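Taken one at a time, structure 1 and structure 2 that follow are two forms of one protein chain, written as structure tokens.
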Structure 1
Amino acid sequence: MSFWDKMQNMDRRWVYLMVAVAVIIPFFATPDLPISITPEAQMLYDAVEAVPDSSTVFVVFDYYPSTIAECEPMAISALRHFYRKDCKVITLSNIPLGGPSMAERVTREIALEYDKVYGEDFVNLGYKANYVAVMSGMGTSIESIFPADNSGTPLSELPMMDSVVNYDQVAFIFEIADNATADYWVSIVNAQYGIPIGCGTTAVSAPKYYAFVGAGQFVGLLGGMKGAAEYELLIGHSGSAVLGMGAQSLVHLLIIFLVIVGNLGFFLGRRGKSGEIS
């Protein structure tokens, strides 16, 4: 068995070990790398900047805990950006596993940094089942879909909600999603009510949403942890996404190296020589 054949049959756990080492090293020897801003992230930042101060906005927590590493830095940056502009923030979630809990925790944590008061500066509507009905129904009346907030307080008892009836009073929607709910914010809310939507999404979903940015249905896009890092830099508040870029770089380089070695092994090894390549 040649060297390349041995490489082809390497125990997968060696690959796992290499990935683990590549992801750990940068946390102890942080490389200082310039992070470029993509036009899509810049467009989103500019669109949020263009929202009039003190407007009412939505920050939607449409992600599961599984993608917290990619999506939470986006949510934190979006909240910081809106709180800085004194916007009234309404949060909600269409995710039944963890969405409302994460919205509650993150929104309250960031609110403390800006002395924001619950019920006056921000409200967490929580969750309601069947997201197409929720998105569509809020076009007529938010209170009919969410009679109470996430803690069960009737919306009529929250001062901030006095002046908010439906989408007519909402200036911007910042959708942070790891699933297809973003498609329905586009097809139902943006298309029918014309509200500008900015999207932060996982890297897995990002390529699809370039089509929405190109059509003007999203005013900007953050793709994955890199997108989150870009937004952190744009608002001037580095966080976990910027910190993660070192590890992200090293693991990408490792995977590219593995792909090259795998292909070399395939072509130079037994299977390549026996003419298995078509």
Structure 2
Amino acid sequence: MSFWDKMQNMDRRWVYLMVAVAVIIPFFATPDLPISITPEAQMLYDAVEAVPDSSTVFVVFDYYPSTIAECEPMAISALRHFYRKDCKVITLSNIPLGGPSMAERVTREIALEYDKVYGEDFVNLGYKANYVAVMSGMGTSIESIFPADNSGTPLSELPMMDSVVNYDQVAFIFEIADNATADYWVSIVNAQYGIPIGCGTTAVSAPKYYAFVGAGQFVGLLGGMKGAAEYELLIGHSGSAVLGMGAQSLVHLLIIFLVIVGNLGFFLGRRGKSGEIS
């Protein structure tokens, strides 16, 4: 059996092993692969930089646990960016599965890096059903929709919320979503109240939202792990997304190599068989 025939009949377990090695290598020897900054990511970073220090902002955890690898690095970078600007951060979620608990965990972990105090520097409102009514209602009164935070503490007992009544006191919304809730933040909140919104979403959802950026309804966009890695580089704090891009890039290169070798094996093997027949 020729080399090309062997490649054609390679046991798939070898492919799985090569993919596993390609994923593991960056965790021990980070490859120096360039990550270009897209205009949309730069626009989002610039928009957050333009938010006045000490402003009140929303960071919305509208993603499910299944997309943590892509979306959580965006949330972490957004919190770091806002905390270093001394912004007051309000988090909430429009999805019941995982959103409130992920917001609770991530905000408290990153708050420790900046000595932020719950109730004074950040608040997690948690989840309420019917996101259309929630988004609309907060335009009149946040406390009427969320009388208590995610832990059950009345908002009236949280000092940070004394000066926050509705969207009039909110300077920016950072929406991180793997579903269509991002559409409603645009159609309800941005359209009616004019609050600038930046969006981070999964790679598969990003193409749809480039049109929102072009229309000025999003001030910027992060698409997938690549977008998360760009934002980490922009804020000067490389994290899991930059590390993940190394693994992702190596696996993509491996797949390209295997496709080329497979096609060469098919055509060269067929040519050899044709020669034997003639």
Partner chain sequence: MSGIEIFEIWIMAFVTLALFSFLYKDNPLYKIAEHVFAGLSAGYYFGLIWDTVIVTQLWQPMIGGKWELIIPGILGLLMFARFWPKYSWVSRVSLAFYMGTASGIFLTSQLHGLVLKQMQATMLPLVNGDGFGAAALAIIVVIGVISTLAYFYFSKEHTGALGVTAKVGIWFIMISFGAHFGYTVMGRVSLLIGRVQFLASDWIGSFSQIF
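So that the term is clear: the rigid core is the largest set of C-alpha atoms that superpose within 1.5 Å between two forms. Reference numbering: structure 1, starting with residue 1. Remember, it's a predicted structure, so these values are computed and weren't measured experimentally.
Please state whether structure 1 or structure 2 is the form predicted in complex with its partner chain. Here the form predicted in complex with its partner chain corresponds to structure 1.
Core-superposed comparison between the two structures, L253 Cα displacement 2 Å or beyond: Yes.
Keeping the rigid core fixed, work out how far the Cα of Y16 travels between the two structures, to one decimal in Å. Its C-alpha shift, to one decimal, is 5.4 Å.
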